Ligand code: C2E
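The chain below stands alone and is given as structure tokens, in the form predicted alone.
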């Protein structure tokens, strides 16, 4: 069986890496045994025998110094790979003081090794490796995260990520007005992975950028087909739109807007039918978001503020951001029948949206009572399980044929 992108298999007595080599990856043992050894004065000195769950070769993730020992599989062994790129992406998001301390500690560690070698202090260098076998909980939280990131990369490469679409209803006409594109991942062994889990993981690294472009391209290609089907049934209905979520990391990419424009042009997709959704709590530089939104609208794309009401500076965002739509977070919609304050807040947000000339989407619409309440407030669009769950493009087509 061939290795996956994130694993390597070594048969018994196969070298994994040799002392003196340079490397950029570390390994976690999934199964098998690995011996770490060095040659001193012609003698084979074993530094440790590593078992499943242990990490080795980790210094290669941090600097360019040669490997200080040799690793060999002493039993058929499967290893999970951790790359330097994965570590660097995470370090970029850490507190500057932590990064500085790590650099100092590693530098001093390397210096002590060189001094020990020069002084002939072989015993210090040959100290057996400590038993750092990780508990199952630690593996899941730490190494498991690297493993899942690699699995996600492979899923993206193999186009195993699915794009589903949740309809948005025009509350006045009772017809579908557009869709929100949502990513789904059905892991080959673990089954469906929660979007909250794998999207959060992707956002910790630059992986969110290719995933975002993959979703955008797939959504536009599917929308062209969906629009053609809608035209057969309701040729005079307004064009459908597609809403795609955008993350802070994507906005920080200098060529992100150009890539969007290129995909739209390449597919002959009307720019006005693309709605890009940003959240209130974005961590990107605020002025960067403002400039990004302005450029997008200049190209004809619509901008929506998602999860409105849950951020810390809602009013401040509305002062400068050029947007077209406010999506009222489902937290308020789901509570407005039982909580008078929630209802008043929804009324206030709808009025604010209308006063600013924005359209309004109510998220989390799950009951007929909620539907009637929001319709009475003249909310333009509703989204939630009462209208339809996220589903594949094929299922959407069938419902469009039935006049949805």
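Since this is a predicted model, take the numbers as computed values, not measurements. Numbering follows the first chain given and starts at 1.
The following text describes the form predicted together with this ligand, which does not appear among the structures shown.
Scanning 271, 144, 195, 309 against this ligand in the predicted bound form with a 4.5 Å heavy atom cut-off leaves one residue, 195.
When you look in the predicted bound form, the only residue of 199, 289, 264, 242 with a non-hydrogen atom within 4.5 Å of this ligand is 199. Contact with this ligand, judged by heavy atoms within 4.5 Å in the predicted bound form, is confined among 68-76, 151-159, 175-183, 221-229 to 175-183. Using a 4.5 angstroms threshold between heavy atoms, residue 334 counts as touching this ligand in the predicted bound form.
In the predicted bound form, this ligand lies farther than 4.5 Å from every heavy atom of residue 83. Contact check for residue 35: no non-hydrogen atom falls within 4.5 Å of this ligand in the predicted bound form.
This ligand in the predicted bound form comes within 4.5 Å of a heavy atom belonging to residue 215.
Residues of 344-369 lying near this ligand in the predicted bound form, listed in sequence order, are 363, 364, 365, 366, the criterion being any heavy atom within 4.5 Å.
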